[in-house]
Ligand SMILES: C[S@@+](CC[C@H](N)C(=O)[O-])C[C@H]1O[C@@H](n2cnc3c(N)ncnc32)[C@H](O)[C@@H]1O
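Below, in C-alpha cells: the form predicted on its own, a single chain.
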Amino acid sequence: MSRDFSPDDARRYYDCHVALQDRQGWYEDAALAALTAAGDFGTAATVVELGCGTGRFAELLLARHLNEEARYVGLDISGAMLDRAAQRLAPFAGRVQLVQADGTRGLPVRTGGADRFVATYVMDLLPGDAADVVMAEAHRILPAGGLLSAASLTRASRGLRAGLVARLWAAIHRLAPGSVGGCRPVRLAPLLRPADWDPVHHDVVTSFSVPSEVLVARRR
C-alpha cells in the first residue's frame, strides 16, 4: 500500500501470515491499553474496526470493555484473517459482524452507523491518500460526538533508541516493504482536519524501543 505494496500485496501477505498477527503484542499491547483507557468504550453502542485482523483487540473489547448490548463490526482485507477472527469471536457471534473490505476504498458501513471507529496498526499500512480516504470514511460513519481511536507505528518517537528503531524500520520499508508487511512509521495527528475533529487524547507509547502513536478524537 506504499507505491510498492498494493492492496493485493497486502491481501496476499496477510492471508499467509495469520499466526504472525497474534505474536505482535510485545510492541502493540501497551499502546492498545492506552487506547482502550482513552476511548470510552464502556458507553459505546456500535464499534467499527478497520483492520480487525485475527480479532485479538475485538475479543478484548467484547470480553472486558463493551456493554452486553454493544455491537461490533470488523473489517479486514484478508479473508484468512476474518476466518480466524470468526473462530476467536464465536462466543460473541450474536453481536459480531465480520466483512471483507479494502480500506483504500469506501467502507461498507452506513452513514452514522457507529459511535466508535477503531483503526489499530492500519494507518501505517496505507499511503497518504488512502489514509485521507479512511479519515473521511470515519467522519461519515460516526455521528457528531462519536470517537475515532487509532494506534500506529510512528515517526514521532521519544528517546534516542526509539528514534533509531523508527528510522531503521522506515529504511527497511523503503527497500523491501513486504518484509515488514507493508507497515512503516507514520504520523497520525496531521491526518486530523480541525474542521472535522476535536483531539481528545494524543500520546506516544514506546514498548521494547518500538514507538507507537495513540490518538483519540471526537467527531465534530
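Predicted model, so just to flag it, every value in this text is computed and none were measured. Residue numbers here begin at 1 and follow the sequence given.
The form predicted in complex with the named molecule is left out here; the points below concern that form.
Enquirer: If we define contact as a non-hydrogen atom of the residue within 4.5 angstroms of the partner, is residue 74 a contact of the named molecule in the predicted complex?
Expert: Contact with the named molecule, no.
Enquirer: Heavy atom to heavy atom, is residue 132 within 4.5 Å of the named molecule in the predicted complex?
Expert: No, residue 132 sits far enough from the named molecule in the predicted complex that none of its heavy atoms falls within 4.5 Å.
Enquirer: Any chance residue 51 has a heavy atom within 4.5 Å of the named molecule in the predicted complex?
Expert: Yes, contact at 4.5 Å.
Enquirer: Looking at the partner-bound form in the predicted complex, is residue 28 within 4.5 Å of the named molecule by any heavy atom?
Expert: Yes, residue 28 is a contact residue.
Enquirer: Given that the partner is absent here, state which listed stretch (90-98, 142-150, 123-131, 108-116) has heavy atoms within 4.5 Å of the named molecule in the predicted complex.
Expert: The contacting stretch here is 123-131.
Enquirer: Looking at 165, 38, 156, 183, which is the one with a non-hydrogen atom within 4.5 Å of the named molecule in the predicted complex?
Expert: The residue in contact is 183.
Enquirer: For the stretch 10-25, I need every residue with any heavy atom inside 4.5 Å of the named molecule in the predicted complex, listed N to C.
Expert: Going through 10-25 in order - heavy atoms within 4.5 Å of the named molecule in the predicted complex - the hits are 10, 14, 21.
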